[in-house]
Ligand code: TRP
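Shown here is one chain on its own, the form predicted alone, set out as structure tokens.
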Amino acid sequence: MKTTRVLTGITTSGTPHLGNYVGAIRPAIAACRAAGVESFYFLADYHALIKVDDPARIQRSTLEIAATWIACGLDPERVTFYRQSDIPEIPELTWFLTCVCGKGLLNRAHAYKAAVDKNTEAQQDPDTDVTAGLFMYPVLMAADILMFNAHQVPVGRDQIQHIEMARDLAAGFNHRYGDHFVLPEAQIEDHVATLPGLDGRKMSKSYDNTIPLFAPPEQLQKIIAGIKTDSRAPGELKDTEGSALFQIYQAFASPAECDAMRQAFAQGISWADAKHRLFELINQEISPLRASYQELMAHPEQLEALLQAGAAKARAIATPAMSRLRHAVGLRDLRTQAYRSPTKTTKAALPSFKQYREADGKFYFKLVDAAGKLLLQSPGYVSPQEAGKVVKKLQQQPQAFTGLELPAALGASLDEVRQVLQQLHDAADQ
């Protein structure tokens, strides 16, 4: 059976919320239990440095997210679970990919464009407060993925562009240095890949609209009561379309439960009752996970040991892979035999036309073989365009050349010149 590698991670910049759970953690853990799947899950602490400059927050977030993965059912014995910063090959690969990445590709990245647009609207310099880290984010993400040649990456729809960029970088590297990377694909769970927050926008720490994943029941109920709804009173028909409350409900409910809630909306359920149903549904799924999470948070030494073991598993793959990549790009032991790139071949030297201008002001051309021997010398022409037209005709119609239409000096026999012209014509067609 063919093995499929699946990789995902969460940036260690805050407390895990329901959006992380629905959009990444839950589908990724479900995928790792399928037959023929080799899974890689990591804590993206390098990415956290792009937007967080509080060391204590990054450390705390790393602990919380590690505990979350394990509490939600991740089995470290079955998968490769590691901290991004424990794999030194990742930043090295980031540099390799940087060297094949066009700046224009990064200019089109959503996060960078959003920052530039915000500054432009505020009539500031477009790059105000834009760090190179933010600009290079897609390259680091590509290195995360390509380091382990992941086939699929579970992401929200807003991250699809980054997977496409990773594919572009993989293809560019392969074109230059041979086939080293597979082209990854985004894995999206329809309808719930991007969960709305309390205000209806995407659930994000940046918007301060999240629902903490392991909030105590009383706090969870209070937060859900604050989900933004319209002013329709009990008894009035309510739309599921565009309803943040219904979208969150849909992410946890079975098809039958979703149908029942749609019917309740149509019958005018009160927002208070709808929110209570949502709380009961979420708490039912999260409650047993919450107990495990709290136990892990009380024993950080257990999580550190798991991460160190995971790093060893990850580096067992990354270290030899990076050795091959270093060799591919030319970072090699000088005692080894020179290696020629598999994507480039040395072409045999060909005869060539040389165009030039003499002291008389006229333009000439000559045909020489690979060793520089003169085969054909033209007369002078008034302009370089005239000389170029004759050269083009010789290249396009080598066998039509008789020597009579071109009062030129032949440095070789007419047949030899024709053969050389035909050789150039054939080479141009290949």
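Note that residue numbering follows the sequence shown and begins at 1. In this text, the rigid core denotes the largest set of C-alpha atoms whose superposition between the two forms falls within 1.5 Å. Note that this is a predicted model, so its numbers are computed, not measured.
Heads up, the form predicted in complex with the ligand isn't pictured, but that's what we're talking about next.
Using a 4.5 Å cut-off to the ligand in the model of the complex, not one of 66, 83 and 300 places a heavy atom inside that distance. Contact with the ligand in the model of the complex, judged by any heavy atom within 4.5 Å, is made by just one of 137, 181, 249, 112: 137.
Exactly one listed residue, out of 58, 44, 376, 70, brings a non-hydrogen atom to within 4.5 Å of the ligand in the model of the complex: 44. Proximity of residue 93 to the ligand in the model of the complex: non-hydrogen atoms within 4.5 Å are absent; the residue sits far from the partner. When the ligand is considered in the model of the complex, residue 20 lies well away from it, no heavy atom lying within 4.5 Å. With a 4.5 Å cutoff on heavy atoms, residue 153 counts as touching the ligand in the model of the complex. Residue 147 falls outside the set of residues with a heavy atom inside 4.5 Å of the ligand in the model of the complex. For the ligand in the model of the complex, the listed stretch (154-162, 104-112, 70-78, 314-322) containing residues with heavy atoms inside 4.5 Å is 154-162. Contacts with the ligand in the model of the complex, taken as any heavy atom within 4.5 Å, map within 3-21 to 7, 8, 9, 11. Superposed on the core, the two forms barely differ at residue 10: its CA moves less than 2 Å between the shown form and the other one.
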